[in-house]
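Below are two forms of the same protein chain, given as structure tokens: structure 1, then structure 2.
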Structure 1
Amino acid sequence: MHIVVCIKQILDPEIPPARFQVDPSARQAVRGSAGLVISPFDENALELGLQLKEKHPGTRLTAVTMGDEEAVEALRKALALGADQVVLAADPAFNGLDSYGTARVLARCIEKLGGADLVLFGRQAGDWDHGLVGSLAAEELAIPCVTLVREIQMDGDGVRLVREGEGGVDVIAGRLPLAATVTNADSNQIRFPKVRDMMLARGKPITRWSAQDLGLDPADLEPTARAAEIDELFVPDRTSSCQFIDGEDGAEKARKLVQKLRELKLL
């Protein structure tokens, strides 16, 4: 069985809000001193793939990402955790792609790998939170896609997927090949790589593919050909104030609070 996990490297979402900045003219976030990490839901997908690899001998796991050379660090972490192969799709034509373009690039990578039995994505990226790439890539690959999956079990020639549903969980039976977008659960929290494995990952090869390698015409990826375009990006201004309610006792403070809320038309 061949499992492909698509991951994305993003700005660390745990940085303090005061340190988060954007470039309005370029309509993108400014890295500054912020670190880069694998998108959290993509880590859940990677962990789920690693668990399946351990349970089923002979399974091969490939991690794929699209980005610049900095994204190599995300792939090296995947190697340290147990990925057998990693692929970086890097080309100036890929800069600023929308979800549709990203899905097309990732699908071409998977096809160039010879296909996959199971393709895993995070339920949504930790930066834009669109949650579209997994389903769109599955459409490009002409395979079914199950969303919000938190557990996967092989069942003979098929597969059973446990997904979050309204008011509970859904258990879905399917056949390979298929794709799944993975959500977080206690059972798929990413493991920590060992220092030795991180060092060994530095010496492992990374496959790099350009638009030409993937048979993609850069003209098809130009901004004019994209389905979505960012018109404006900014950090909203937020103001806050605090007013203390005085009173001799709790009852008086409560009366004054209710009166103030009515004045503000909040009651």
Structure 2
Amino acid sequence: MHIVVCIKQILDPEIPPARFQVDPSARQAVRGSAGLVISPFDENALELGLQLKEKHPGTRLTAVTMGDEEAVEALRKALALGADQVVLAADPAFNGLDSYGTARVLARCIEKLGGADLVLFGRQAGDWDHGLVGSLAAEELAIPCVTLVREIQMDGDGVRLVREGEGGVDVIAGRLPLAATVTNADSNQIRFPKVRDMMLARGKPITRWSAQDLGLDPADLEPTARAAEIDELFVPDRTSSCQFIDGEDGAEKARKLVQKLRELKLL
């Protein structure tokens, strides 16, 4: 079995708002002192893929990213965690692509890899939060896609997936090949790479593909590929109006809080 996990490197989404800035003219976040990380839901997808690889001997796992040279770090982490092969799709023509364009690039990478039985994505990237690329790439590949998946079990080419639904979870049955977008659960928290594996990953090869390698004409990435345009990016005003409850100890604070809630008719 061949599993492909698509990952995106993003600005650390956990940096506090106070340290977050945008460049309004470039319509981009300012990097500042923030680190670059694999988008958290992509890590959930990677972990799910790694668990399936361990459970089903003979499985190959490939991590693919579209990004610039810095994104190599994300791929090295994937290698350290157990990916067999990694691909970086990089080309100036890929700059500023929207979800359609990104999906097309990733789909071409998967085709060039000889296809995949299971393609995993994070449910949405933690920077632009669109949540579209996985489903769109599956459309490009003409394979079914199950979204918001927490767990996957395989039996031959049969697959059972547990996905978030309305008011509970849906259990879905499907057949390979199939794509899934993954959401967080306690069972798919990313493992920690071992220092030794991090070292070894430095020496492993990285496959680099350009638009030309992928048979993509820049015209293929237009015009729907740039359908959604960011006109404006801004940081909203945050005015705080927090009323703090003071007190000598926990008991007094609790008492005053209850009193306050009573005044507000919330109790």
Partner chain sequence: MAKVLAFALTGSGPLPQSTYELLGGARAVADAAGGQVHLAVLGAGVAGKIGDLAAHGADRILVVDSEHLAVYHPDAYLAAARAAAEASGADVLLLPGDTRGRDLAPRLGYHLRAGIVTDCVALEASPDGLRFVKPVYGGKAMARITVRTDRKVAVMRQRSLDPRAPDPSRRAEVLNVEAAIDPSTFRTQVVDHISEETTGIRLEDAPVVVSGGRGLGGPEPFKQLEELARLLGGAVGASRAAVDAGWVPPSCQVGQTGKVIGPDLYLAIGISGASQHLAGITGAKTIVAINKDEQAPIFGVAHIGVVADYREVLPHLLEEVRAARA
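Predicted, not measured: the structure shown is a model, and the values here were computed from it. Here, a residue number simply tells you its place in the sequence of structure 1, counted from 1. Each form is matched to the other, and the largest set of C-alpha atoms that superpose within 1.5 Å is called the rigid core.
As for origin, structure 2 is the form predicted in complex with its partner chain and structure 1 is not.
Relative to the superposed core, E252 undergoes a Cα shift of 2 Å or more between structures 1 and 2. The chain behaves as two rigid parts between structures 1 and 2; the smaller one is rotated by 47° relative to the larger (C-alpha superposition).
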